[in-house]
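Below, in structure tokens: the form predicted on its own, a single chain.
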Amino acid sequence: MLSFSEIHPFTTSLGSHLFVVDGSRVYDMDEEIAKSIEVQSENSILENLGLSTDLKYIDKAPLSPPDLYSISLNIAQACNMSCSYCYADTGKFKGRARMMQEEVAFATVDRLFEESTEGASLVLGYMGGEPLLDKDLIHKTTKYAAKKAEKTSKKIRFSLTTNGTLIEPQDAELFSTYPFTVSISVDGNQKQNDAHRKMNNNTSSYESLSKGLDILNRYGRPKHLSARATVSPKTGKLLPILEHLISVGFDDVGFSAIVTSPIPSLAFSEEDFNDFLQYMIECGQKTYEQILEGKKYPFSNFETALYQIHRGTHRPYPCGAGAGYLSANAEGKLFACHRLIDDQKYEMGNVKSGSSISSRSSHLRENHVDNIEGCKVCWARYLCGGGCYHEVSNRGRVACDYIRGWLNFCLQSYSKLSHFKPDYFLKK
């Protein structure tokens, strides 16, 4: 595969195509240009396609800290499970398990409203550990935030990441009454899930979360219910897991590879990502075929990538962490994101006195993808953004070849769907 920093040529059954990095633009190429691409400079190729080389969507200037749009509350830095791969010390939080108090939770809501733009659409997230260990605080905080939004020009919605084992009817009613997105961690069928997702009382976590799903179906589903499956090098093929989780009624299903783990053998090496890429492509190909047939097959990794390519997503950061998104720990200290909780390198103020503009500015300056060696010459940098801060901080960029391979497949799929099923993108 040819390696360029500003363009990425690729082929499909339809012919030759070109991905222009800046602006994430996709073009078809005639065969004459495609054949001569090896002897042309990047600028020459763009000029031959009639594309301006002066137009820049992204420069190397770091983003100034924007107004906040989202804060997550680490309601419970504790868990009722001990997942073997958990980055939070198998749910033990290095012996510092603790719970957030109501005063801190309400102050976090106030901080989000204080540091957000007039008329903004806000997101308040509940994280853990397992946040439903203090469901009473979730109920109180949700109602407090909703009432606060009613008195302003701002809208608010909610997200919850949970293992699904503690859901009760009153929780389902809360999730359906207010605009909630609920993400449940589940790794497949009972055998697959229970292999690493252990309940502290030694019962089956799959049976408990299945009861939780039943309660949601009986008493009220959230606005969106997703499944997040964690994948180790020992997981094997992913398509059977995807099919199982779709079959039990999730609105979408996504996979996340283990990059950091207290058990090193459960974390992916660069070589392990070769098989993972093939398993992901197998899932993507199945989703592509289902889309062509007009069928719903909600594989979120694939659909999200297609949506980002279609809308021309181009970003110099991997996510909103430290920018428009922050996360509050149990004591009310603010950090760049929920995975970086209690990491002093990523501490960014507190909910009472406010976020630290200087810390957020330094973070955005140091992590601009065009200022990172290796990343700045990668064609996938504005779709990737440089990789998860937590994972890069702990393991480096071990997944780069996988990311490029996955995005190349998604670009090929996007080009074919744009030709064979253009109406699919009308709803995106």
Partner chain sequence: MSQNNKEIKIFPRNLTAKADYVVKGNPVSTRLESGVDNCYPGLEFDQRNLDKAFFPGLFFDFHRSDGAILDQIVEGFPPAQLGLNYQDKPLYLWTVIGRNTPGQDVEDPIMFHLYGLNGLEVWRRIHNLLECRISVLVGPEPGFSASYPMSIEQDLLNSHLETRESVIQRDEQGKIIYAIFVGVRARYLDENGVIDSEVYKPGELTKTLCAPWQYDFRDCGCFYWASNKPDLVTSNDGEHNHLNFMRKDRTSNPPPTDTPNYQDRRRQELNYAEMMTGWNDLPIVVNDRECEKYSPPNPVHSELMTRQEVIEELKYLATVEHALCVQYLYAHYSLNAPMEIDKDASSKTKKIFAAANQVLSIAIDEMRHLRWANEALHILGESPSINRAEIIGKAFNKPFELKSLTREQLQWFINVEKPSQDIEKTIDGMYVKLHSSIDKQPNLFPEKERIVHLMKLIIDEGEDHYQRFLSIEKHLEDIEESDYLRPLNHPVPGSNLEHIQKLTNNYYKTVFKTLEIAFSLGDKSGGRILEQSRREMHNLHETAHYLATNNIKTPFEFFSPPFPPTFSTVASLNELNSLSGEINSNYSKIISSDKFLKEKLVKQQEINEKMFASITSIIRGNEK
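Quantities reported herein were computed from a predicted structural model and do not represent experimental measurements. Residue numbers count along the first chain shown, from 1.
One more form of this protein, predicted in complex with the partner chain, exists but is not displayed; see below.
Peer 1: Choose one stretch from 367-375, 390-398, 61-69, 28-36: the one whose residues place a heavy atom within 4.5 angstroms of the partner chain in the model of the complex.
Peer 2: Comparing against the partner chain in the model of the complex, the contact stretch is 28-36.
Peer 1: Hey, in the model of the complex, is Lys147 touching the partner chain, heavy atoms inside 4.5 Å?
Peer 2: Although the partner chain is absent here, Lys147 would stay clear of it in the model of the complex, with no heavy atoms inside 4.5 Å.
Peer 1: In the model of the complex, does Ser418 have a heavy atom within 4.5 Å of the partner chain?
Peer 2: Ser418: yes, in contact with the partner chain in the model of the complex.
Peer 1: Do Ser24 and the partner chain come within 4.5 Å of each other in the model of the complex, heavy atoms counted?
Peer 2: Although the partner chain is absent here, Ser24 would touch it in the model of the complex, with heavy atoms inside 4.5 Å.
Peer 1: Just checking whether Leu49 would be counted as a contact of the partner chain in the model of the complex - the rule being heavy atoms within 4.5 angstroms.
Peer 2: Yes, Leu49 lies within 4.5 Å of the partner chain in the model of the complex.
Peer 1: Sequence order please: the residues of 309-325 with a heavy atom within 4.5 Å of the partner chain in the model of the complex.
Peer 2: Residues within 4.5 Å: Ile309, His310, Arg311, Gly312, His314.
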